[in-house]
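Have a look below at one chain only, the form predicted on its own, in structure tokens format.
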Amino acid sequence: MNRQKIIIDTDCGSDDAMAIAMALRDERYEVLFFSACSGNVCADQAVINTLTTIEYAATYEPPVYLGSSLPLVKTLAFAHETHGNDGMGDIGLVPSRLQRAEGNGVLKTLEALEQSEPGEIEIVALGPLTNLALAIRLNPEAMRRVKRISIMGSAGLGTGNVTPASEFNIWQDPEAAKIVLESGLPLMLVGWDACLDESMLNPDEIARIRSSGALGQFAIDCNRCLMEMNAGRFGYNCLDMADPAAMAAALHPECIDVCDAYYCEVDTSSGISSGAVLVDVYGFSGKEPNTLVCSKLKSDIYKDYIFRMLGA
């Protein structure tokens, strides 16, 4: 079987971990490598968390490269309150044998695309878009070979999760997101709204995954801090799995319910809407769409994909 080749760019925290495990266990895809950036945690910790996840996924072991450690302009902020100080629930998860690969993730991405046929490689971005923006600035011709970039980013058609208007990944490095959205590359934004409501994992589904084996227990336990936060935010123990939603939309498009093309613009101001993605739903700008925006998943198909990929 000819597997679609993908590169995963990640700030690996606990929901990234579930998404990464899903990708590694989908036999239709080959993860060439991972490139880490800062976001949920610092880039060095994101490397550690990615290596740990690869070990738990127990399939094959793509290399993990360190990318950019800082946003392009903005002062770095973390999501420790959401994912724990180590990004993985502070339960002591570390790789037992895997180590970071030598080389830079941005340069490795460009090298892989330069050596590929157009459309041969897809990119799935689970964190801030720093690495991809740098790659676009360094070698836009190589980046034009990408089949598509699927991004967990934006509030979609809903509200933000770090400010009233902004979603964390875009808010963390809005200047990078602006570069990516203005690049002319084929893009799909999977908004935070795609993982809410019926697409949130409820207590029974969480228990089903956790009881399925070592990988399932890992995937749920590392999300301990997020679950505790959600008990206060949503009123019950649930998981809004943003990165698994983006991974499912990218790798298993049968689960997509609402996904339309819009012209989108990133607010890079220093005001209250900094990091917001302005979605021109009604075409006020008169500009051609520059990205797809996935704002809703078919929850039954999406969750079935999670269960199958995690062996639950």
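Residue positions are given as counts along the sequence shown, with the first one as 1. If you're wondering where the values come from, they're calculated on a predicted model, not measured in any experiment.
Another form, the form predicted together with a small molecule, is not on view; read the next lines as being about it.
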Joint contact, N40, L126 and D243 to the small molecule in the model of the complex, by non-hydrogen atom at 4.5 Å: yes
Check whether N161 has any heavy atom within 4.5 Å of a heavy atom of the small molecule in the model of the complex, and answer yes or no. yes
Would F168 count as a contact of the small molecule in the model of the complex, using a 4.5 angstroms cut-off between non-hydrogen atoms? yes
L189, heavy atom within 4.5 angstroms of the small molecule in the model of the complex: no
Heavy atom of A177 within 4.5 Å of the small molecule in the model of the complex: no
Counting non-hydrogen atoms within 4.5 angstroms of the small molecule in the model of the complex, say which of A219, L132, A194, M152 makes the cut. M152
Please identify, from 285 to 293, 21 to 29, 299 to 307, 8 to 16, the stretch that has a heavy atom within 4.5 Å of the small molecule in the model of the complex. 8 to 16
